[in-house]
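Okay, here we've got a single chain as structure tokens, the form predicted on its own, with questions on binding and movement later.
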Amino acid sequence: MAPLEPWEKVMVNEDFMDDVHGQASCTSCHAGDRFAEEKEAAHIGIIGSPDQNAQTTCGNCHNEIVTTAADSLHSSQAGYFKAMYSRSVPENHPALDEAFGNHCASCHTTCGDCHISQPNSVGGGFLDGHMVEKTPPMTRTCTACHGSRVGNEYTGKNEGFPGDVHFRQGRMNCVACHDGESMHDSKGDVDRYDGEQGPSCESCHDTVGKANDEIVQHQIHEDKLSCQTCHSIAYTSCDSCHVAVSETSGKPFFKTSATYMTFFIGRNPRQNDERPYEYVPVRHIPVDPESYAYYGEDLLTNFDLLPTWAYSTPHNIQRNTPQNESCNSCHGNADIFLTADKVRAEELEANKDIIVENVPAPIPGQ
């Protein structure tokens, strides 16, 4: 049987015609000529992905959301640029922009990437015959992009490590914490750890550290440790990501030298009123001075200006963890702190604000 032409496939299911979005004509979003009698004429000027200019399509009804979403981290990908540019100099930005376009830009999300279609990373295609999903299905959208770290941690796909308690026991979808407002509006932030914590654990666990909190350790450690420091378990770290374009296929690719499970507590490099903690879990990110060498020489001139062991909020929360079994499971236990001997010599300078020089002393009698 010959492959079906696009127009022969089921692009629209019956439910869509009864949906509020189905009440609009096809040309309202896709342009073309709705009155033409011939297929070729009807498709002149057709727009395959109307949300590429969302203000003129989705924005007709959802203007406020579309306006703020344009500056959201999912849309702007400002975090990528901040990381690249901070380690570089302005004259190297064009080469980094080229690398970004080849390897990173596909992670940019439009309205349809979450609400109508699956990401290309899992094959693309409609979620449900053109229906608009108000709440994106977690495993077909969220973890399709955020799968190798967040998704595997949250759902327990790392062998030997249970999934996050919120997923295992509560079957909570990503949007239970990361609601639409936070997804559609970055509030001008250029990094997911900029600004106020949202969501924060205390948003739901509002007695933590308060006078009526029956867990005394919460009151002792409230502003000294992030919640994940005690309630996270091992998570994925990676080394040395390098990007290039294949000489054979002409397609961009990347490769890392290693992926492994870690749990290290480091000093908080973002200590402020919103994140007052002295200690936080840190994860190794796979950047190195030659990550973009394919696109030019010494593009990350200021490599040491950002740490390679970064503030982390792993999605693998447990009530009971190895480090909270007893006081001295943490205090005096140098194995779980990011000390200098665990950092590569060439990365010591970059991580000088993260490395723990003096591990908290053991508590006598514990």
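The first residue of the shown sequence is 1; numbering continues from there. Only the largest set of C-alpha atoms that superpose within 1.5 Å between the two forms is called the rigid core. Please read these numbers as outputs of a predicted model, since none were measured by experiment.
What follows is about the form predicted in complex with a small molecule, which we do not show.
The putative spot formed by Ala78, Thr229 and Glu278 is fully lined by the small molecule in the model of the complex; each residue has a non-hydrogen atom within 4.5 angstroms of it. Heavy atoms within 4.5 Å of the small molecule in the model of the complex are found in exactly one of 292 to 300, 234 to 242, 89 to 97, 132 to 140, that being 132 to 140. Among residues of the shown chain, Gly170 is one whose heavy atoms approach the small molecule to within 4.5 Å in the model of the complex. Interface residue remark: His103 is not counted as part of the site for the small molecule in the model of the complex, having no heavy atom within 4.5 Å. When contacts are judged by a 4.5 Å heavy atom cut-off, Arg319 counts as touching the small molecule in the model of the complex. Contact check for Val216: a heavy atom falls within 4.5 Å of the small molecule in the model of the complex. When the small molecule is considered in the model of the complex, only one residue from Gln271, Thr259, Ser148, Gln197 comes within 4.5 Å through any heavy atom, namely Gln197. Only one of the listed residues (Val282, Cys111, Val287, Met84) places a non-hydrogen atom within 4.5 angstroms of the small molecule in the model of the complex, and that residue is Cys111. With the core superposed, Asn53 shows a C-alpha displacement below 2 Å between the shown form and the other one. Ala24 is among the residues whose C-alpha shifts by 2 Å or more between the shown form and the other one once the rigid core is aligned.
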